[in-house]
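A lone chain, given as structure tokens: the form predicted on its own.
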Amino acid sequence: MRKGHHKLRKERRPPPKEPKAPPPPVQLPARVKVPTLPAKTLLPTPGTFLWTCREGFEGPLFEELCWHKTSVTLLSAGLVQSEKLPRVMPTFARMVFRVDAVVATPQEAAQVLGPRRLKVQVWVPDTQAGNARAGECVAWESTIAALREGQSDPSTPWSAFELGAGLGQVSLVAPHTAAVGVVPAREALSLAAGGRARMKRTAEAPSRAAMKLDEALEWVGVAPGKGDVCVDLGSAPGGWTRRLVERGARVWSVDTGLLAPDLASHGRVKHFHQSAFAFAPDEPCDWLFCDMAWRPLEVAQLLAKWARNRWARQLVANLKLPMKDKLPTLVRARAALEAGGWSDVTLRQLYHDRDEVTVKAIRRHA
């Protein structure tokens, strides 16, 4: 595992020396001592809220929930329980629902879900132990579907969203044991089962970077379209640039490295062969994208400069977090973005993110 900022890949030439505004003073919330994971999975309590996250990020999720005084319990790898919902959704959560019951059979799960109009999702935590039991999901799904046959359930999670229906949650938290509940589709952290929004690899864009962007835009809920001008900072070799061009956008691709030959010659791509830290656009753009492997607080200051100078209206970026203690960095990064002028700043660790989080924001005022 990478440790420390010095392990991050750096651009081929350092950013220019220029006067920098001092970072805004940040009052960190009181730190919380995170307990060790229990040796055996603790079952959630009916009436509480069950959270799932990427394996290894239970500690940051636990601490975020503690900051909101939600009475938190670590249940196992990938699973955290709280007695209340926080005012702000935590960065490291993928899915949350209120537990109505803990059951031992799919028949019991179907009974708990009842005749409500639902798209039922059966899932295991995204952990080594959970993934080893993924085969159980098929049997539970088929049995529950047979018992609900004849009901006018939505065919997809998106249909449930459009209809204002619910997502029935059946989380196989332990062998032959499921936590069952319902979350309104329009309030769910993700429409994907367990928050695992798997994007498709394509021959044209086989990289994980492209899938990260696809998932990020699905999360944002709006995407660049024909004629939109996008800036892609730290773009080489062009995974995000390619995806944006495929959506019809024009892309100003900024990197000291080289783009793939077909992108470098594309009519809607203009390559600025320079450091992302030195680049200044001649005119404002519609979207700012950034997926640089660089120190997160320096990236946040760079993105803040774009809002401060009114160079972009919408932001989608990744912040890399190779350090062990991630939350202080995220608190400071958010403060820098907001101080620069970005509004509705939201950070979330999406399914295709690893030691990183995705940021979305808009600039409300011209």
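Computed from a predicted model, the values in this text were never measured in an experiment. We number the residues from 1 along the sequence you see.
The same protein also exists as the form predicted together with a small molecule; that form is not shown, yet it is the one meant from here on.
Between the options W140, W123, F277, W287, the residue in contact with the small molecule in the model of the complex by a heavy atom within 4.5 angstroms is F277. Proximity to the small molecule in the model of the complex, defined as a heavy atom within 4.5 Å, holds among A110, L118, A185, M292 only for M292. Among residues of the shown chain, G239 is one whose heavy atoms approach the small molecule to within 4.5 Å in the model of the complex.
The closest heavy atom approach of T256 to the small molecule in the model of the complex falls within 4.5 Å.
Using a 4.5 angstroms limit between non-hydrogen atoms, S235 touches the small molecule in the model of the complex. Of the heavy atoms in A209, some are within 4.5 Å of the small molecule in the model of the complex. Only one listed stretch (227-235, 160-168, 91-99, 141-149) carries heavy atoms within 4.5 Å of the small molecule in the model of the complex, and that stretch is 227-235.
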